[in-house]
Structures are given as C-alpha cells and as structure tokens.
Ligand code: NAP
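Just one chain follows, in the form predicted alone, and it is written as structure tokens.
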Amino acid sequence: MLDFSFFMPTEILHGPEVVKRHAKRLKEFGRKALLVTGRNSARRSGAQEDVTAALEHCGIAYEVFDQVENNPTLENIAEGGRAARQFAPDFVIGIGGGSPLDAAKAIAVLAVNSFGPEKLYDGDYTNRPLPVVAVPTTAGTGSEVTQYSILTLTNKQTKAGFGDRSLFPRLAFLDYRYTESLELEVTRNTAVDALSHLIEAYLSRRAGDFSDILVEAGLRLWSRALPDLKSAAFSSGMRDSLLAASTFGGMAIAHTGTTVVHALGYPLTYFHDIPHGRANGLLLAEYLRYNLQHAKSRVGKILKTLNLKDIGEFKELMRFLLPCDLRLTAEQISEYGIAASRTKNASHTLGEVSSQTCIDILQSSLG
C-alpha cells in the first residue's frame, strides 16, 4: 500500500534564461515589487539584472532591499519589514541563497502586518503574507519550494525556523547560470546542504512514498554531479543537476521537516561561524552511522546511489569536500547536544533521540 500526502503550491519554471522567457508571469502578482537580496551575490550572479529588466519590461515599479545579512537576525528582518511597509509593494521577489529567500518570506509577512519580527513564530498572521517569487542563486537550501524561514535568534544564541503554508513561494525561477559565479568553497558547502536535506528527509519519521520518490531522484542527480564536484571542473551539467537536486530536497523537507542534523549544526554556525551546509556535512557520516540501527536498508540505499561502499568512504568524501579543523571541547559538546535533543528537529529523527545520542554524534564528528 502506498502511503503519502503531497502539497506543493509553488510553480517551478526551470531552464536557461527562464526569467527573460517568462517575464510576463510577474504581471500576475501586481504593479509594485520589493526585491529582497544580499549586498553582492544577486548582482554578481546576473540574477538581479535579469529580474529588474523583466520588471521594467512589464512596467512593474520596484525597489531593492539589499541589506540581508548572512544568517539574518530578527533585527535585520525588522529593517526589511519597515522598508516593505514604506514602499507598500504588491509582492516580494527574493533573489539569492537561503538567507535572502528566507528573509523574503519573513518580510512578506511583516509588509502587511504591524507586529514585530518575534511574532513571526506565533503563526497567527492577521493579514495573509504578500506573494513571494523566488530566484535561487545557490544550489543548496531548496528554500524556493518550502514554507520555512530560518532566522538567527541572538537572544537564544541559535537559529530557528518558522513555517506556514502561506509562505510557500508562488513562483520559482530556476536557472543554473545564476550559480556559475559561486566560488569552489561555496559551491561545495551549498551542495552538501542539498545532500543533507535529501538524506534527512529519507531518514525522517515523517518520510512517505512521495517524499522518497523526490529524495531518490535528488540523490541520483547529486551523484551525477559528484565527479565534477570533487574535481572542481564545474560544468553546466553539474550546476544544473545540483540545482535540481536542491529543489527536490527542498520539496522533500517541505513534507518531512529536517532532523537532528540541523539542530546540531545550528550552534556550529552561530558560535563558530561555520556555514550551514558545511556544518551539516561535518555531522552527516555519524548521523548515518546512528541510523544503521533504525533504517539500515535506507542508509545502504543512500550509499549505493552515491556509489560509496560504506560510511567510512562517505566520511572521507565529506572531509575532502569540507576540510575543517574545528574541534569542540567536552563542555561545548555537552551544551550543544543537550540543546539539540530538545528541539522539534530531534522529534523528526528515527529512534529515541536523547541528549546522549546527540553528544555521541558530536563527539564522533568533532571531538
């Protein structure tokens, strides 16, 4: 018997020059757009130029909020919300990696609601968020097809997400050319972020037949890109495969959520400035090892699809792609592990995730 439910309100348009070819679709969302992005990446990738040209062609007025930080804080989001309310756009266009796309969703809520950003986590929005159009410039987060926004909570010294069906982008433009300006390290970090989403969705308590289909397709695409990813001979085919794999991973976690890997990775980003995808990748091998006792056949299928013989070879691959000399103290391992065990991410994880489970994964990975 098949066992799945599926809800995906985001329309995906994929291919070279997709923004230019489908510019008229932007007219569906109104006559004023707020572009939400970081300081450099959207311009460097060429995505911002394509989007603004499309808006001008359609006669749509726009303003640019390009102050999104890496791992945006509530204060940063509040700044974007004020800019949105002042301009009063009909829709929001997020351009960039996970930080600008997640920020765009949060700003779409604050644009039409007068509360502060801390209320985003309540999920009780008086006014429905503005429509969001997503243009990813990295192949990692899959945020263009999820209902989640992950923000930094400085008062709690961590990152945390909120989600609502109204936050799914209405339209996503996928063009691998926007990822071609990424340097080697960012390409690898974000690629491993996509891999983490695929693996976590496959090993989630909430996995179902349809999410499995997405994950298995995404893993095959990721595996196809792996030789180029290792050699750094980045072809257009590799870029396109990774972008699609990232989107499939996003579609999967939209239904399954993420697991304890994310909860353990957040303090590595907050306290040690390790990029999100890299933080997850440093933990994935030991996470797979933990899951041998709960889903041995699934772990085996992941390794087989990636053409890896065992978890040891997987760990060597992560070390090659993500060189890192971070070592945690016993006190840090204990603190991060206990905190992770109390998260919603841990509840999505197979087995009984105790604080000791989390401490063991951290110890074996970074002790």
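The first residue of the sequence shown is number 1, and the count goes up from there. Quantities reported herein were computed from a predicted structural model and do not represent experimental measurements.
The same protein has a further form, the form predicted together with this ligand, not shown here; the description that follows concerns it.
Within 4.5 Å of any heavy atom of this ligand in the predicted complex lies no heavy atom of Asn113.
Contact annotation for Asp193: at least one heavy atom lies within 4.5 Å of this ligand in the predicted complex. Of the heavy atoms in Gly97, some are within 4.5 Å of this ligand in the predicted complex.
Contact annotation: Arg39 falls within 4.5 Å of this ligand in the predicted complex, judged by heavy atom distances. Exactly one of the stretches 209-217, 81-89, 138-146, 291-299 approaches this ligand in the predicted complex with heavy atoms within 4.5 Å, and it is 138-146. Listed residues Ser334, Thr305, Thr52, Asn70 were compared with this ligand in the predicted complex; Asn70 is the one with a heavy atom within 4.5 Å. Between this ligand and the residues Leu174, Leu182, Met238, Leu130, the one pair within 4.5 Å by heavy atoms in the predicted complex involves Leu182. The partner is not shown here, but in the predicted complex the stretch 236-263 reaches within 4.5 angstroms of this ligand through a heavy atom at Ile253, His262.
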